[in-house]
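Here you get one chain, nothing else, as structure tokens; it is the form predicted on its own.
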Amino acid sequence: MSLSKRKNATQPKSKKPITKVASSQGTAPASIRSNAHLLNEYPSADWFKKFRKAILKWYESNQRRLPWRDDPIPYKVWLSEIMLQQTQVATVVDYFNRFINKFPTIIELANADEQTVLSMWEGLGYYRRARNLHAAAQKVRDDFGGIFPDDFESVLSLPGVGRYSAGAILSIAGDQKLPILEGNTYRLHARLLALHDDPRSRGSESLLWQFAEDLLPTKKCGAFNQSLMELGSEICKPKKPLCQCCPVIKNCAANQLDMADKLPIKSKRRKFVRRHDALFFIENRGQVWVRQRKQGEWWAGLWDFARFNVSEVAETAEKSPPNERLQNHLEAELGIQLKSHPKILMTINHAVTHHKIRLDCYWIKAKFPDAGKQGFKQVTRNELSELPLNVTARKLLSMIEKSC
């Protein structure tokens, strides 16, 4: 089973959903067609009618049981949509259930402190989503009387909600006739239309939003939009699409042209910057040094151990063995005295935004007279387990608890 990610969260907000400018369904505006390279004719009204009937019938028998689908109230649908951005469905299910148990209503989420919200989010990554979620809940409490709004403009005004998310929430929870376009449907629609262009380019994206609106039925818009995402996730996969299992294979221009595995055309990948960092679990007599990440830093609001860019340390230090350079840096920057030389406990390879990072992790004992330097404070291991840590700090802690 494919569990695709939703890659749509950061698209620019639009003041209102796309308005239909074609004179009749099945005819995309010439201004939009001219900016996108289709290898086939834009579908006819009859094509749309057959497509809707086939995909809704398929979805009725093949939809996955997911907790937010069992009770599709706006709060739960909104929460699921935010969690599903950049995250696999299999991962989201457990987090969603725990989050709902902790914050069964949007008012309880709004009234929670940010540290509690981040603790419940820990491990899902992209923590700005959690902070936006909390801020949006407070806006609903303060500006909408604690009731999740039911109009597009108001939902769009919530922090972290873009055009896709607003349409998905209102169509799924309220059956409103609003189009959606996210990772799975970008790919699905590009293949249905045989779009020979990057779907994220300006001209192509305009066409795909128009197509998404043309697709909508008069009724069952929520089920229909979910069927599109389900088809993109489970059948129209990024690699090796399961065309033989597709309920709308007769409607797919890419399949007719034997190009399903070649479309959509991929955009140029961003080049990654490589970094070499070091993370230090510094302990003395049962006390551990931690600091809360600041605004503007990665993982803002979460807690972390001492962390340095090894390359920067090497550039500013005299020529000496790596461990000695790190030791000198720690003692100079933090005002501590190490009881032993740093030794690597584990190495984690991970990525943050457009950085690929090799992270060497250490456990060291030291004397530290003033934990307040550089914003650090001392906590016990038990207290540490209650703090929301970033994922790499949590991995190091887990290893230390097992072996040290």
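Numbers follow the displayed sequence, beginning with 1. Since the model is a prediction, treat every value here as computed from it, not as a measurement.
What comes next is about the form predicted together with the DNA, which is not displayed.
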#### Entry: Contact of residue 299 with the DNA in the predicted complex (heavy atom, 4.5 Å)
yes
### Query
Hey, in the predicted complex, is residue 354 touching the DNA, heavy atoms inside 4.5 Å?
yes
### Task
Classify residue 199 as contacting or not contacting the DNA in the predicted complex by the rule of any non-hydrogen atom within 4.5 angstroms, answering yes or no.
no
### Heavy atom of residue 86 within 4.5 Å of the DNA in the predicted complex
yes
### Task
Select from the listed residues 345, 54, 38, 66 the one whose heavy atoms reach within 4.5 Å of the DNA in the predicted complex.
66
### Among the candidates 194, 109, 161, 330, the residue which, in the predicted complex, approaches the DNA to within 4.5 Å (heavy atoms)
161
### Message
Please identify, from 109 to 117, 213 to 221, 241 to 249, 263 to 271, the stretch that has a heavy atom within 4.5 Å of the DNA in the predicted complex.
### Response
263 to 271
### Query
Looking in the predicted complex, is the DNA within 4.5 angstroms of a heavy atom from every one of 125, 184 and 229?
yes
